[in-house]
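Two forms, one chain: they're shown below as C-alpha cells, one block per form, named structure 1 and structure 2.
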Structure 1
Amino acid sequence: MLAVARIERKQHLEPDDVGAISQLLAAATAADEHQPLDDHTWLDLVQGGRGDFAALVAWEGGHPHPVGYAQVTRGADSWAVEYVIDPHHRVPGNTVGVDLLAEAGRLIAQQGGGHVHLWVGRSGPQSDRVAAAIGLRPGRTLYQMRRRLPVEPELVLAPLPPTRAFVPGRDEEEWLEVNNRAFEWHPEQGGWDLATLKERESAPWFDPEGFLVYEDGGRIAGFCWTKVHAEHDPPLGEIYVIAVDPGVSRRGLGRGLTLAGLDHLSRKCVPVGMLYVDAGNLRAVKLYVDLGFVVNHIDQAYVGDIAPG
C-alpha cells in the first residue's frame, strides 16, 4: 500500500535540509529538463527566509531523504505555491503532491486565505489532479518554444534592424517606459520599476551585449534582451524579453529584433534558441511560429481562492 507523506512545515531551513532539498531539486531538474522552482524564492528561503515564506518538506517511511518539497509565498495580493516531487516517487497512486498541496492549502487558510497561484512546469494530468486537490483550476498557459540555431538565411526577409548594447546606468528610465507601455496588459512583465530592472542587471547571467536596443529618432523604440543558459545541455539562448513600442508596431520590427537576438546568440555559438510566451499572446506566437519555433513544453498556472479557516 502507498504511504501517505508526512509533511513538515518550516520557516527556516537548516544546512542539512538545504542539502537534502538541493539534491531533490537537482534530481527533478535532470529528470524534467526544467528547473522546478523559481530561483529567487528558493534562494531567499535558503538565506534565512522572511516571515512571508513557508517551506513544506514531505517524508515517507523507509526513505531517509525528502520525497517532495513545496514552498508557499505571500505576495502583495495573492499567494504563490510551487512544489516538486522526487522523480522516483511519481508512481501512479502516489499522494505526495496532493499531500503537499493539502498542507499548503491548510497553511494559507490559517493565515487568512486568499487568491492562490500555483505554477507547474511541464504540466499534465498529474498536476491537474494535484491542483484540483485544493480547488485550483487552470489559469494562464505558457509555452516554452525552441528552435535550432542559426536561423536559415531564407527566413531573414529584410536587413536586421540596427541595434546597440543596453547601457547600464543610462538606459533604465527610457527602457522602463517602453517596456511598461508594450506590456501594459501583462501580469509580470508590465509595471516594472527601477528596482526590478536593477535586480536583473545584478544577476550573474546579465550581459549588456546581449541586451539589444533599437532606437528611432534617438529614443528607445524596441529591444530584444537575451539570456544564455550556459548550464543547460545543450546551452539554450533565451529571448528573455522582447517588445516594440506600440507606436511603431506592425512594421516588421518585432520580427527583425527577434532575428537580431537569435543572430547574437548564434554568434556566441549557442545551438538552440528558446523563449516563453503566453499561449494567448497570438501576435507573438504567430511571429515565433513563422520563425520556426515549436512548442517544447507547456507550463501551467493554476488559480483559485482559499477561504480563511
Structure 2
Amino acid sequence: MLAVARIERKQHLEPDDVGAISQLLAAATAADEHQPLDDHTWLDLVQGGRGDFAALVAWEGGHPHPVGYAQVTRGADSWAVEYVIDPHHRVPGNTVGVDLLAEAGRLIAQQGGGHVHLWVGRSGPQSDRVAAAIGLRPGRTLYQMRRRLPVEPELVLAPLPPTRAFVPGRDEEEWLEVNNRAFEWHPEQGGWDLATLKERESAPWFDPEGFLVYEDGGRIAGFCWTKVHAEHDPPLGEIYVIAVDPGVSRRGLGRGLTLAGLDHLSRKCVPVGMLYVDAGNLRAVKLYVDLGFVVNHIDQAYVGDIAPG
C-alpha cells in the first residue's frame, strides 16, 4: 500500500498554496472532464478560507506538488467535504483518498462531530470504498445530462418566453425571493443570501447576458441562468440554475425557459449543452429527456454521522 507521506491542515491558503492546488484541480478537470470542486468550495479556496473552513493538502515523498486535496466546510447543520486526487496517483494500492477522508473525519470529530455530506463526481466502486472509510453511505444521486446544440426545431412546441438579461445592482433581492421560494427544499440552491449571489457575480464566468429573466406583471416570475465552461474542449454551455416561481401557474414555462437558455448558448456558438438534475426528480428528468438530453455521467452524494472524539 502506498500511503501519503503527510497531510497538512490549513485554515488559510497562501497564494503559493492556491497556485499549487489550482494546478492539481486543472489536471483533475482535464482528466475527468468534470470540475472536482463546486462553486461554493472553489470560492472558499480562492478567498483563502473562512472560520468554518479547513484545507487538507496531501504530499508524497519525491513529489514537489500536492498529490491530493480535501476541503471541509462547516454549515449551519452539517459538514460538507470534497476531495480530489492527482490523476497520476490514482493507481492500485495508493491510499491518498482514504487518507484524506480519514483526516477529514478526525478533524470533524475533534470539532464536535456531526452530519457529513460528501459529493463525488463520476462516482463508482472506488468512491464507494473511499467514502466507507469514514462510515459514509450513498445518498442523493445527481445526473449530468448533455445534448448537442442547436435544438431541433421540432422540439420547440411554442414561441420561447420573452426574457431579458439580469441587471446586477437592481435584480438581486427580487431574484433571491424567487430562487429561495422555488428551491426551499434544496440543500444547496435554497436559502441563498445576497453575499452568495454577489460571489457568483464576481466569478470570471459570470455573464449577465446569459442570466435570462422572465417577468410577469413587472415582477420576476422565472429565470434560466446559463454558464459557459470555456476551459472545456469543446466548450460546454450549462443550464446552471433554472426555476419558475411556485406562485406562477403557466404550463410549459419551465420547458420554454430551458429552450430559451439553450438557444442563448447556441447563439454563442457553444456546441454542447449540459445540466445537472437529481435522479429522483422524475418530472424534471422526463422533461430533459424529451428535450434530447442523455445522461453523460453520475455524481454521488455520500452521507453519514461522525461522533465527537
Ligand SMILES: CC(C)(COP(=O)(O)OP(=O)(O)OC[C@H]1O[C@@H](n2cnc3c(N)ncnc32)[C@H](O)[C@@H]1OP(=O)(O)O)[C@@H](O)C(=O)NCCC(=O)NCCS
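FYI, numbering is relative to structure 1, first residue = 1. Throughout, rigid core stands for the largest set of C-alpha atoms superposing within 1.5 Å between the two forms. Because the structure is predicted, anything quoted here is derived from the model rather than measured.
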1 or 2: which is the form predicted alone? 2
Verify the C-alpha shift of residue 290 between structure 1 and structure 2: is it 2 Å or more after superposing the core? no
For residue 261, is the CA shift between structure 1 and structure 2 at least 2 Å following rigid-core superposition? no
Superposing on the rigid core, I want to see if residue 272 changes position between structure 1 and structure 2 - specifically a Cα shift of 2 Å or more. no
Hey, core superposed, how many Å does residue 60 shift at the CA between structure 1 and structure 2? 4.4
